[in-house]
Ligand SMILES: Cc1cc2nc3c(=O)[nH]c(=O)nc-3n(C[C@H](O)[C@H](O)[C@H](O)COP(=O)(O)OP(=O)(O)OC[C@H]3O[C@@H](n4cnc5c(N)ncnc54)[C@H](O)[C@@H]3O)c2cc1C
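Okay, here we've got a single chain as structure tokens, the form predicted on its own, with questions on binding and movement later.
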């Protein structure tokens, strides 16, 4: 009977195990995690869990009893240090384990600030439960916080910290927040929302130094010479896929572990899913690495299918979401490289959709508080519909008509 070893206990890793059991796999399943907690939901880390609105147990996928009942062995605090692909065996610091199939679900790690005092006790990143617990331990003494990076993590943390009563400053190196992923209109909208809530947003601001005393940062210095006093710093400047183990094992890595549409590496008994995987997507007709929960869940199903001999493959449309204050931002498709955009709805009322076009056709949408219409666009893009931008620009266009045959 086959044995599957999964390295990583995040969304991808845990859901590979869940999907294997749903698909009827009866062999052994072992999950190795370098964390001390059962697999858990990551989105609440920058939202409700950060705000102390939910307990740790509430963000676990499943209780401990579920893993026992499903004969899934979870190994906490178990770092895999070596993989022998020839004899099909992994090594931890304490033991060796044989496998028939090996799944990399090693995720990604935060990009670290490369400067003096980056090891200060009040400099935080946000990837794990322990990161949030460290922030919680200092919350009572944090009146002013500086967030380095105006991406989704920075903006979500800003929202949470404002609700917790802190003074928040966002430092963004680019000329606008969310520049890499959204239109100027959406960037301006979110900046205005955050500023109205009391957040200070400084764009074109590059950090040159972290000034500290007794391992505690008290000021962030910019290249412009400006110094911003602070009680804490949180950096959200991107993530790097965890591929060292895969590289050491001789696997092909290029901004992630390279796989085919079935999430298989060049070694058919080794697969990868989630943030660490650079997988071929048949809908997009390209290899791509995505950092998103929907992608991790989708690829987990593909991995399980490949192991049990079914025919699922990686073809899902990339999509994401972000909750800030009372705003629900939902994104579908990839807007990078767009050559035109159009806004449907009312920006002033915070109910609108940005449609991004490439070469005359819809490529992606960003939706603010328009979930019903967003799902229509997402469904169309997922099905490979070629929606002409000229159609969307028509003043009489209604998203509800996409599937009605009235256009």
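Because the structure is a prediction, the values reported are computed rather than measured. Numbering follows the first chain given and starts at 1.
Not pictured, yet referred to below: the form predicted together with this ligand.
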### Query
According to a 4.5 angstroms non-hydrogen atom cut-off, is residue 32 in contact with this ligand in the model of the complex?
yes
### Message
Can you work out whether residue 45 and this ligand are in contact in the model of the complex, taking contact to mean some heavy atom pair no more than 4.5 Å apart?
### Response
yes
### Task
Indicate whether residue 294 is a 4.5 Å heavy atom neighbour of this ligand in the model of the complex.
yes
### Task
Consider residue 80 of the chain shown here, and say whether it contacts this ligand in the model of the complex, taking contact as heavy atoms within 4.5 Å.
yes
### Query
Which of these residues, 122, 242, 324, 182, gets a heavy atom within 4.5 Å of this ligand in the model of the complex?
242
### Message
Under a 4.5 angstroms heavy atom criterion, identify the one residue in 207, 234, 270, 153 near this ligand in the model of the complex.
### Response
153
### Stretch in contact in the model of the complex with this ligand, which is absent here, among 72-80, 199-207, 164-172, 310-318 (heavy atoms within 4.5 Å)
72-80
### Query
Counting only heavy atoms, which residues in 83-116 are within 4.5 Å of this ligand in the model of the complex?
105, 106, 107, 108
